[in-house]
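The chain that follows stands alone, in the form predicted alone, written as structure tokens.
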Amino acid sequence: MSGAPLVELSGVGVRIGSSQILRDVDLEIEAGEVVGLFGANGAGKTTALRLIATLIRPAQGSGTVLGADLSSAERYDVRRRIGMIGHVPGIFPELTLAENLRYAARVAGVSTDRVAGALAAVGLAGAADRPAGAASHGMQRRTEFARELMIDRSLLLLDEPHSALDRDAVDLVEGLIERKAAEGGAVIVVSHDRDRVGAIAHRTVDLVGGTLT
């Protein structure tokens, strides 16, 4: 691994309202790394992902993601290079699965010609015209995996990606993680499953009391 870290946090704190969620967080993630992030419920794991996704700003300390200062407007310039799959599928229920991917492609500036192949890659070729709101949770998650296969990201953030998935879908997740790291990107996986994530991560960190250990 060489070059500047893709993620670099130094003494970072995050407040949500009057609550201090993260404090004195130091973290560096290099290109090609897969990092597992563990912690109890309420430890601040999702907040950490939202920070790294440039969706919230640090209240203390300093941080850069993909070279962009998290405290400045630079963070908007790199947001398209960051993919995030959270607890709740981030798709529009009123659109079909294919329409969701076409919208994501246009926002990311990639060809919508990739949509059919991405759906086929996750086993949803026959469900392209199904409204997302009428699709199962597993199908919605697969659609999100298809989105990340379709769009070239530098950083992939996964929040409990194995939750409620069948074995084939779990294999899709792990294949996506391996592919992203092999391409020189980085992946952060939040999970409670230490054995599963430990088997694919290059290293793991724990969030305890809002601080990484």
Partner chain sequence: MITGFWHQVRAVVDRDLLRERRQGDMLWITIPFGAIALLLIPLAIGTDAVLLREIGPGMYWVIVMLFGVLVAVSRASRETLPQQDASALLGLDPAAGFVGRTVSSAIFLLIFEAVVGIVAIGLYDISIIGIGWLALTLLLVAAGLALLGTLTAAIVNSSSAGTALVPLLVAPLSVPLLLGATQTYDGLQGGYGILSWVLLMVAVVLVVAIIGVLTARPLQET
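Numbering follows the first chain given and starts at 1. Keep in mind that this is a model prediction, so the values were computed, not measured.
Although not depicted, the form predicted together with the partner chain is the subject of the following passage.
Novice: Should residue 108 be counted as a contact of the partner chain in the predicted bound form, where contact means heavy atoms within 4.5 Å?
Specialist: Because a heavy atom of residue 108 falls inside 4.5 Å of the partner chain in the predicted bound form, the answer is yes.
Novice: Would you classify residue 94 as touching the partner chain in the predicted bound form, given a 4.5 Å non-hydrogen atom cut-off?
Specialist: Yes, residue 94 lies within 4.5 Å of the partner chain in the predicted bound form.
Novice: Although the partner isn't part of this model, could you tell me whether residue 153 comes within 4.5 Å of the partner chain in the predicted bound form, counting any heavy atom of the residue?
Specialist: The answer is yes: residue 153 has a heavy atom within 4.5 Å of the partner chain.
Novice: Decide whether residue 50 counts as a contact residue for the partner chain in the predicted bound form under a heavy atom distance cut-off of 4.5 Å.
Specialist: Close contact exists here: in the predicted bound form, residue 50 approaches the partner chain to within 4.5 Å, heavy atoms only.
Novice: Go through 61-69, 177-185, 26-34, 143-151 and give me the stretch that gets within 4.5 Å of the partner chain in the predicted bound form, heavy atoms only.
Specialist: Every other range fails; the passing one is 143-151.
Novice: What I'd like checked is whether 55, 73 and 90 together line the partner chain in the predicted bound form, meaning each has a non-hydrogen atom within 4.5 Å of it.
Specialist: Per the other structure, all of 55, 73 and 90 touch the partner chain.
Novice: Heavy atom within 4.5 Å of the partner chain in the predicted bound form: which of 122, 135, 115, 84?
Specialist: The option sitting close enough to the partner is 84.
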